[in-house]
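Each of the two blocks below gives one form of the same protein chain as C-alpha cells; they are labelled structure 1 and structure 2.
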Structure 1
C-alpha cells in the first residue's frame, strides 16, 4: 500500500514499523499477488492531446498527482528538484504567490490520499463508554484487552489507526459515539497530541509506557477499568 500510494499519488510515503512487528511471529496465510490491487502510476510516454509543450507540474483532478515521465522518453524532457517550481511549467520560480499556491496544492495532494485509503473501522460496538485508540505494533495487546472487557459486558471498543497523515475518514463520527476516549501508545503521547490538534472538540485521555517493552493485557485492562469508573 505504501508503494501504491507513493507511486499513484507521486508523493513520498514514510512506512513506519517497530521492533514488536519485526520480532513477533505467528503463522499467516501467504497472500497471492493476484489478490493485491494493481499499482497504476501515472506514467506517460507522450504529451496529452491538449498540450503543446510538456507541462511537468500539471496535475490530475482526483489525486493532484503530477504525471511521471521517465528519463529517456523523447519530448518530455524536464527538470525536477528541491527549489520551488512554477505551478505548471515546472521551471524554478521565486514568485511568492506561486510558492503559496504550490505549498497549498502539495498539502491538498497529501490530504486527498484520505479518499483512497480504507475508512476507519471500529473493532467492537460502534458506540459505548470507552473507545481505545491505538496505532502500530500495539494492536495485538489492545485487541486482547478490549475483547476481554467486551466478554464481561463492558462497552469498550477499539479504533486502531493505520494511517497517520492524512488520517482516515470517519474518525470524527467514531469519536462522537463514545463517552470517553483513551489513546494508548508506547511513547509519551505523540498521537494523543496530534489527535487533540486535529479534533479539538473531543477529549483524549492517555495511557503511555516507554520501557522498551510492549503493553501487557493486565495493565491495559486495569487502566480501562479505572477510566470506566
Structure 2
C-alpha cells in the first residue's frame, strides 16, 4: 500500500514500524502478488490530443497527481531535479507566489489520499463505554486485551489506526459514540497529541510505555478497568 500510494499519487510515503515485528512470531502465509491490488502510476507516453506542448506539472483533479513521463520520451522532455518548478510548465522557479501555491497544492494532494484508503472501522461494538485507540505494532496485544474484556461483558472496542497523515475518514463519527477514549502507545504520547490537535472536541486519555518492551495483556486490562471505574 505504501508503494501504491507513492506511485499513484506521486508523493513521498513513510512506512513506520517498530522493532517488535522483528522479534515477534506468528504463522503468516506467504501472499501471492496476484492477490494484491494493481499499482497504476499515472505514466504518460504521448501528449493529449488537445496539448500543443507537454506540461509536466499539470495535475489530475481526482488526486492532484502530476503525470509521469520517463526522461527522454520523445515529445515529453522536461526538467527533473530537486529545485522547485513552475506550477504548470516545470521550469525552475524562484517566484515566492509560485512557492506558496506549490506548498498549498502539495498539502491538498496529501489530504486527498484519505479518499483512497479504507474508512476507519472498529473491532467490537460501534458504541460503548471505552474506546481503545492504537497504531502500529501494538495491535496484537490491544486486540487480545479488548477481546478478553468483551468476553466478560465490558463495553470496550478497539480502533486501530493504520494511516496517520492523512487520517482515514470516519474517526470523528467513531469517537462520538464512546464515553471514554484511551490512546495506547509505546512512546510518550505522540499519537494522542496529534489526535487532540485534529479532534479538539474529544478528550483523549493516555497509556504510555517506553521500556523497550511491548504492552502485556494484563497491564492493558488493568488500565482499561481503571478507566471504566
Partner chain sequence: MSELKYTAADFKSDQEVKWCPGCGDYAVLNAVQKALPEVAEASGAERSSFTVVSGIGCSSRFPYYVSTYGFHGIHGRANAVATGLKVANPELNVIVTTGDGDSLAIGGNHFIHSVRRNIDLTVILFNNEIYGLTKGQYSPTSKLGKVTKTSPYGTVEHPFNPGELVIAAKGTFFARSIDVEVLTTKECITAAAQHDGMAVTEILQNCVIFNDKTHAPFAADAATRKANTIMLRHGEKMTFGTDNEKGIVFEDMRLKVVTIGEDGYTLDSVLTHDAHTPDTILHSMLAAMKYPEYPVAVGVIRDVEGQVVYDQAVEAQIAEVQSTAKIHNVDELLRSGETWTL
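Numbering follows the first chain given and starts at 1. If you're wondering where the values come from, they're calculated on a predicted model, not measured in any experiment. Take the two forms, find the largest set of C-alpha atoms that superpose within 1.5 Å, and that set is the rigid core.
The form predicted alone appears here as structure 2. Residue 83: CA moves 2 Å or more between structure 1 and structure 2 after rigid-core fitting. Relative to the superposed core, residue 95 shifts its CA atom by 2 Å or more between structure 1 and structure 2. With a cut-off of 2 Å and the rigid core superposed, residue 31 has a Cα displacement that reaches or exceeds the cut-off between structure 1 and structure 2.
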